[in-house]
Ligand SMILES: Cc1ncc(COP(=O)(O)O)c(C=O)c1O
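Okay, here we've got a single chain as structure tokens, the form predicted on its own, with questions on binding and movement later.
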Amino acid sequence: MVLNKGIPFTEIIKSLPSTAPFVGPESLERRLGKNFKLRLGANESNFGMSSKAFEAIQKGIQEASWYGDPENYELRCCLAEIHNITPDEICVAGGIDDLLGLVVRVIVSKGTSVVTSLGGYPTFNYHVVGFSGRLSFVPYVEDRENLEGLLESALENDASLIFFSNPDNPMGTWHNSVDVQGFIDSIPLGKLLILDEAYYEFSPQGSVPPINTKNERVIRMRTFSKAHGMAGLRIGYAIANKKIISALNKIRLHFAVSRIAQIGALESLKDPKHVKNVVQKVNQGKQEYYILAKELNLNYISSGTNFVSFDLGTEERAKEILNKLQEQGVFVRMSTVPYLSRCIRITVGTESERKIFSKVFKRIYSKFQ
């Protein structure tokens, strides 16, 4: 007699609730029954990709029936030249989200201690829980990730893996390069720090420490989703000691990055003027957001990213204003973690988008004053 025991899920999967790190704007549109007029919540680049990359992608579409290069060879060589390292010290994957999953998979097993910031990037937590890791959270201090607290927690919990982003999402804050380097140097040998630098192109001067791939305690992650304007193509890269990169290559999905994404990323790297132009436009937009906040006697957080957090005082008010914005066709986001949840986060849009947002936000916020 054969007993029906059901689908043979792993114990991890059986124990996990159904979840997703983010609710996408498309999901919200389906709930609301209408499309957003302004998409200012996902920190994508509203300034588009390089025209050279766009042209190369259009031309390369005819090759879309082919797999991409599983070694991402040309792209890694170009990145290696830019960063003055070797191609063996670079891993290309389907964005930082993919890279986070790879690192967690090579480090975390059941019960492995992992340290991150309370309110930090949720996709990292998603991966850790999915591999049965044990998360310890360190609260922000003055709207910044707490380097001293992260190190202290890592030592207390004997954490194998630590996650820290600079500049930070969701607040947009940052630490200077001296403090970040000191943090890296303080991590015990045999432990690994993920340094998420998704917004490094927007980083204030003096906030990005030099790359040192001899250091086996840190892996740095960067993306083409922000300043390069390729979020939908899903491509990013990690920089680390070749031992770490070799470990990732043992398990990465070698065809995860499409041929089109490889073509676009490579051409974008060859067009640094585009990224510089995007950064200038974002900086201008941030200044306009700061002015808007001052006009409304509203606190804001100076940002080293492509978004600005408006401080609305309480979670209740932030949530209510966020809902009002969504009703008016404006997609923005907020943290769900107490204290950080008093803020809403607005991506810097184009000049016309900023004008529309300013008008809508003033009208909504005036009812709360």
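From a predicted model like this one, the values you see are computed outputs, not experimental measurements. Residue numbers here begin at 1 and follow the sequence given.
As for the form predicted together with the named molecule, it is not shown, yet the points below apply to it.
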*Out of 154-162, 90-98, 132-140, 277-285, where are the residues with a heavy atom within 4.5 Å of the named molecule in the model of the complex?*
90-98
_Contacting member of N125, T213, Q262, N169, with respect to the named molecule in the model of the complex [4.5 Å, heavy atom]_ = N169
*Which pick from I239, V108, L147, A198 sits with a heavy atom within 4.5 Å of the named molecule in the model of the complex?*
A198
*asked:* Using a 4.5 angstroms cut-off on non-hydrogen atoms, would H228 count as touching the named molecule in the model of the complex?
replied: no
*Using heavy atoms and a 4.5 Å limit, would one call R234 a contact residue for the named molecule in the model of the complex?*
yes
_Contact of S268 with the named molecule in the model of the complex (heavy atom, 4.5 Å)_ = no
*According to a 4.5 angstroms non-hydrogen atom cut-off, is L28 in contact with the named molecule in the model of the complex?*
no
